[in-house]
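Form predicted on its own, single chain, as structure tokens, below.
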């Protein structure tokens, strides 16, 4: 009878397991608000960033600027109106003056062809208000619609002026300022990862022997030390790098120092666990041979354990340096310094997408290079 019920019970438990999985996946789908149609429908919102990513700010040229201006009273009658020239480089409006919140057409004639032009208000107070950037056609002409802001109102009979600054590239191509900034911050990130990995190695290497059961877990005292060391590594590993970076950033202020300390703490725990597991996996034969000669515990570690673990230790160190470069990029978003902080600044500025694209490409290239380097080192050591 029991044999006849066994297939039914197995079928029931399988069906129950499948039902639970379906329920969990359904709940996950609702909780995470998955909406694949929206992913396609709102793709246009990422267009500017994607285009900036595909055209990073890498090279530039020196520019010469030429500026032409014209008076434009706001409101009408508050200051003398400008005379509209009919030849030469000039600005022309469809109305000689305007009221606040009114729009008018501004045109430029006989400017340099196919050139970028920055159009701005020069306020009576001496400040500037950006109108926009346009590009002239082959005839040196541009047209833009301008909305009059109340801040452009004349003061004591002095009107605001409309300025058009033409930018003309000259000279050979050279690295852009964005590229130089990205290279500087990328080196900061690499050195942050290198320094934190080095300090973490110095701390984790000796502690890892205390967390290795085949070395320490002997007697009451040794067992206590073993569990304390293991608990220390597990406790520290429970903190994410972002959390540690936030803590040190509030403590010490934003910058590479806070990021390096956060990486050091996290890396110490991670390397300590890896090192201890490497020590536990060594061949016991050399240990027994050394101990048979009457060697003490320190001599056993130096002559039987260390030679076996050096290749693994070096492999873990190089691999963690690679990992820390990637993590450094992320902790920069919470004030940890380096390329991540630079990237966060450019994205939040809403106008630095091309510079952000430069930073992203630099991160990709460096991470790829370090991944290749660490893989080669680990391959030669194993």
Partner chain sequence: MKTKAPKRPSPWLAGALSLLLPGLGQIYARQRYRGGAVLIAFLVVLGMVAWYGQPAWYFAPLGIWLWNVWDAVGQAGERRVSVLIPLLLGLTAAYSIGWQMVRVDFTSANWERGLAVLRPMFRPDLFERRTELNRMWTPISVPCSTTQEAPPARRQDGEKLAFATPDCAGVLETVIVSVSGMWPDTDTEIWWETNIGDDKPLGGNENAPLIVRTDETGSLTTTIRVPSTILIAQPDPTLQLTHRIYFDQRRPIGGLQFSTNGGFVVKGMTESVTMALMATFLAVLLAIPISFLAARNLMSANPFTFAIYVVVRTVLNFVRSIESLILAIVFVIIVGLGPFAGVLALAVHSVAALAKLYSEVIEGIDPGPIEAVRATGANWVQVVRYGVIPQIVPPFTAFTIYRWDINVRSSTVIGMVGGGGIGFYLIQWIALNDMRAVGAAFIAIAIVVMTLDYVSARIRERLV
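These numbers come from a predicted model, not from an experiment. Residue numbers count along the first chain shown, from 1.
What comes next is about the form predicted together with its partner chain, which does not appear here.
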| property | result |
| --- | --- |
| 109, 133 and 160 each touching its partner chain in the model of the complex (heavy atom, 4.5 Å) | no |
| Residue 240 within 4.5 Å of its partner chain in the model of the complex, heavy atoms | yes |
| Distance check, residue 257 to its partner chain in the model of the complex, heavy atom within 4.5 Å | yes |
| Exercise: residue 28 in contact with its partner chain in the model of the complex, heavy atom 4.5 Å | yes |
| Heavy atom of residue 334 within 4.5 Å of its partner chain in the model of the complex | yes |
| Partner-proximal stretch of 114-122, 240-248, 206-214, 163-171 relative to its partner chain in the model of the complex, 4.5 angstroms, heavy atom | 240-248 |
| Sole residue of 63, 68, 347, 58 within 4.5 Å of its partner chain in the model of the complex, by heavy atom | 347 |
| Heavy atom contacts to its partner chain in the model of the complex at 4.5 Å, residues of 353-372 in sequence order | 353, 360, 361, 363, 364, 367, 368, 371 |
